[in-house]
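Take a look at this single chain, the form predicted on its own, given in structure tokens.
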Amino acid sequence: MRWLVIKAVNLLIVLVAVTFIVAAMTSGPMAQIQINQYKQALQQQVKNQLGLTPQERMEWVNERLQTYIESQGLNKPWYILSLKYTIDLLKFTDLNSTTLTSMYWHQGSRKVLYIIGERIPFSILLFTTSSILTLLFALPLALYAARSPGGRVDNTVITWSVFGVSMPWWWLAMVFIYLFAYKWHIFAGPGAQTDWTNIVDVLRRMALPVITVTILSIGDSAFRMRNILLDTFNEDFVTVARAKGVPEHDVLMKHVLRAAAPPIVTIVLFSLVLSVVNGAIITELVFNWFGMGRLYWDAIESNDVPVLVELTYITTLLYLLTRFALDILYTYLDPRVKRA
């Protein structure tokens, strides 16, 4: 239990440090954005103040704006501002986007958490589905390849891996879009009208990107798992188990897979989490998918600092939570892992 507390404290320190660095790099623009947004709100209010001259309206806005700046500490030094925004991010305090709005569940809202919240489910759906399918195909291929190095399956996995890594996948994705969406009309293409609140529409739109990502991921995933399993097959405890006459199925399930589980789980979880939070920008752009990757691109393109800051914080948080979960899983997956 002690190691668990120490690990949690260490990860919390890392989270705070990374968040502070991000806040320090963006504190100036964030403060200016906050001031401008409040100023715009005041200018909307002063329009309802009848009987005021333009000069009086300007003075009314400037007086309240100055009071707001002082009350929020927006005129403080950069390190004070950085600490303020660090605390705001850690507490998930609402930030407002400068250019983007929520499109469905909180339509028209500029709150960053609402904007991110409506995109995350679509990235999770797309990349979790493709990751599960990749694992279902890649793991059996890796097992066959590792049990017969140099065999037909092994050579197929190696070739597939080289193809998947070296081929510009976005080019292959566009070939698939042309063939399956526009020529043969089997799947919905990136230009198809989609009601993102309708699950049938979403699943129909999701078919082609899932197939593409899965096909291109199987080879590399199988190759990496094959290398892990190949090393495990050569371990002494596997040789001893076989020498004792343990059935090959039990050797595979109770010895090899259990020992190889930690690195395989690491590969799967990290690829899944990073794909979900980053949304695999190019993937979602090519397929025009309404997810986190597309949101990243839209925020970069429009220089929307609040959205980028919040996305960076959420990415860091989920990455560290995944690391923490993996440390716990290791103690169950591999009995050789000991904790002080």
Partner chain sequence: MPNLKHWKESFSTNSRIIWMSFSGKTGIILLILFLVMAGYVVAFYYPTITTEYAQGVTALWPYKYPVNAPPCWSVSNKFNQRIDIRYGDLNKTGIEKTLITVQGLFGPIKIEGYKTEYFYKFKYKSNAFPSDVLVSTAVRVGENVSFIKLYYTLDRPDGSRITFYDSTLQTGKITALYGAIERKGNNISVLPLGLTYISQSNRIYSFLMRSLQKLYANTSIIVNPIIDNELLFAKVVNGSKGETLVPLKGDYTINITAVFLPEKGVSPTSNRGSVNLTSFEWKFMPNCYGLFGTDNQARPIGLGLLLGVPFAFVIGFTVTFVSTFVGAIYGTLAGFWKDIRGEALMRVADIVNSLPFLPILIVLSYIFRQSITLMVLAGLMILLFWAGPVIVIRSAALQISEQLYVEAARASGAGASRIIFRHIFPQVLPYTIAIAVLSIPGIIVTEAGLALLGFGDPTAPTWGKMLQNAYNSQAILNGWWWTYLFPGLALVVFSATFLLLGRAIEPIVAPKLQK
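Owing to the predicted nature of the structure, the values given are computational and were not obtained by experimental measurement. Here the rigid core means the biggest group of C-alpha atoms that line up within 1.5 Å when the two forms are laid on top of each other. Numbering follows the first chain given and starts at 1.
One more form of this protein should be noted, the form predicted in complex with the partner chain, which is absent from this view; the next part is about it.
Site residues A17, T26 and I281 are all in contact with the partner chain in the model of the complex, judged by any heavy atom within 4.5 Å. Considering the partner chain in the model of the complex, the lone stretch of 175 to 183, 117 to 125, 84 to 92, 247 to 255 in range is 175 to 183 [heavy atom distance within 4.5 Å]. Using a 4.5 angstroms threshold between heavy atoms, P168 counts as touching the partner chain in the model of the complex. Mapping the unseen interface onto this chain, I21 counts among the residues with a heavy atom inside 4.5 Å of the partner chain in the model of the complex. Although the partner is absent here, I33 lies within 4.5 Å of the partner chain in the model of the complex, judged by heavy atoms. At least one heavy atom of S161 is located within 4.5 Å of the partner chain in the model of the complex.
Screening Q40, Q49, T67, N303 for any heavy atom within 4.5 Å of the partner chain in the model of the complex leaves a single hit, N303.
Contacts to the partner chain in the model of the complex (heavy atom within 4.5 Å) from stretch 283 to 302: L285, V286, Y296, W297, I300, E301.
Core-aligned CA deviation for Q34 between the shown form and the other one: 2 Å or greater. Whereas the shown form places them at one spacing, the Cα atoms of Y296 and V22 lie at least 3 Å closer in the model of the complex. By 3 Å or more, the C-alpha separation between N36 and E118 grows in the model of the complex relative to the form shown here.
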